[in-house]
Every structure is written in C-alpha cells, then in structure tokens.
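This document opens with one chain alone, in structure tokens, the form predicted on its own.
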Amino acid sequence: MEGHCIGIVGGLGPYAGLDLVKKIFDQTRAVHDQEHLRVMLHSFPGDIPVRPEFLLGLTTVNPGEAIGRIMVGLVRAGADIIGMPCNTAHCPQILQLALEHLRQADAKTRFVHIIDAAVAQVRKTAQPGARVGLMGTVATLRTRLYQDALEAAGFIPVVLDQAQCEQVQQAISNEEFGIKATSSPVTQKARQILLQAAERLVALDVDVLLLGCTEIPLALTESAYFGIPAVDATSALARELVKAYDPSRLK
C-alpha cells in the first residue's frame, strides 16, 4: 500500500531484528520484488542500555529513553507502523517511556505490541483454559509480563523453577556459548539447554509452548517440540505487522 512503511527497532539483539524482518518477508504474499512491503530496520545496539539490568534494579538508566529516540528516528524516516522484537523491552517501565517519545513525535504512528501478538497467536493454537509453557528471560518472567497477559486471556501460564529459568538465561546471554554471543549459527550447547527446558515444560503437561524471548527462536526453529505446538513471539509480531500494513498481503 503506497505510503505505508514498517519500522523495526533493532539491536535488541541485532539478530532478533534480522529475524523479524525475514519473518515479515516470509509471511507476505509476494511473487515479485516489488510486491514485498516497505520495511526499515534501525539497528543501533550500542545506543540501548541492557534491559534486564534495569528491570532487576542493577542500574537506573532506563533503556526506554534510547528506544524512544530510535522510534522517533523511524517516524522521521517515514515509518507509520513500528514493531520491536524484544519481549523484555515491552515491560511497562521501559515501553511507556519509549512510547511517550513516539506520541510526541507523531500520534498517528501505530505501535504493534509483541505480547499482544503472541497471546493472540496462542488463542489460535490452544483452547481457553489451556496450560501455556512459557520460556523467556529471567527479567521478563519476574515482571510477569506474559503471565499476566496470558491469565487475562483465560490461559494458565506454566514456568520452570528458578534454577531452570537461570539455565535458559544462560542459553541466551552466556558470553561463551549464549545466543547473544553466537547467533549465526547458535551453539549446540545453547540449543540443547533450550530443548531441555522445552522438554521439562512438556513434562508439566502444557498444551502449547510460548517462546517469549526473540533470541530463543534463533535456536528453536521448529513448529512443535515433543509433540506440543510452539508459538514464536517473533513470528506472531511479524504477522501482526503485515496485517497492520495491509491484511490482504498476509499469507
């Protein structure tokens, strides 16, 4: 649609931004180059402070300030739809500050929320009352970002114990083998930790798995694990961004 442009706040981490752009392309109806959607990726990782440290009280520097500036830059470059492939950055303490910058720049720009997109995809995958096995960063889980949204939608969130959640965090952020350190390809150790976490959640009798960190789908790319369907928050966001652009363009 002429004039529309999707803007992506990248760098959270950088490969998660690339993954979102790829999934937008993958889910767009197009047979020629010219039929693909107008997309901009602003990946400025060095500008954005680490999100978990802020949410866990280890720093007072709110990443929402930098994220908001990047959103404004996207608007000025022509974006009227914005998505951000980082679940942790959607915590209200961060997101509200960023969106205030966006509102001041252009109240008409639409922000597509990854948590809403993922929960909507869970609704399409599982029945009301289903048990949803949740994988994410320690900060996202502690702030109950997904748990509250899933409960409000009528689902039962299921999380691993603290030690197992810390292992998932290591698969994401360990400087030697974590996905943030080695994304292309992901190390076998990181993938194995995440597979073990998925298996433990399945053993807790979940009906669907929710990959609630945009680094996790870089390692776990299948649509199901141990016979249980998986919802990828990045793919869910990509679908909602395509719909916001033009619903008729969605595969």
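The first residue of the sequence shown is number 1, and the count goes up from there. This is a predicted model, so every value here is computed, not measured.
Beyond what is shown, the protein has a form predicted in complex with a further copy of the same chain; the following relates to that form.
Chemist: Taking any heavy atom pair closer than or equal to 4.5 Å as contact, tell me whether A30 reaches a further copy of the same chain in the model of the complex.
Modeler: Yes, A30 lies within 4.5 Å of a further copy of the same chain in the model of the complex.
Chemist: At the 4.5 Å heavy atom threshold, is Y225 in contact with a further copy of the same chain in the model of the complex?
Modeler: Because no heavy atom of Y225 falls inside 4.5 Å of a further copy of the same chain in the model of the complex, the answer is no.
Chemist: At 4.5 Å between heavy atoms, is V39 in contact with a further copy of the same chain in the model of the complex?
Modeler: Looking in the model of the complex, residue contacts with a further copy of the same chain include V39, since a heavy atom lies within 4.5 Å.
Chemist: Heavy atom to heavy atom, is G46 within 4.5 Å of a further copy of the same chain in the model of the complex?
Modeler: G46 belongs to the contact set for a further copy of the same chain.
Chemist: Pick from 172-180, 111-119, 152-160, 87-95: which stretch has a heavy atom within 4.5 Å of a further copy of the same chain in the model of the complex?
Modeler: Within 4.5 Å of the partner lies stretch 172-180.
Chemist: Would a further copy of the same chain in the model of the complex be within 4.5 angstroms of a non-hydrogen atom of every residue among C5, L18 and K22?
Modeler: Checked in the model of the complex: all three residues contact a further copy of the same chain.
Chemist: What residues in 59-79 sit within 4.5 Å of a further copy of the same chain in the model of the complex, counting heavy atoms only?
Modeler: Residue within 4.5 Å: A77, and no other.
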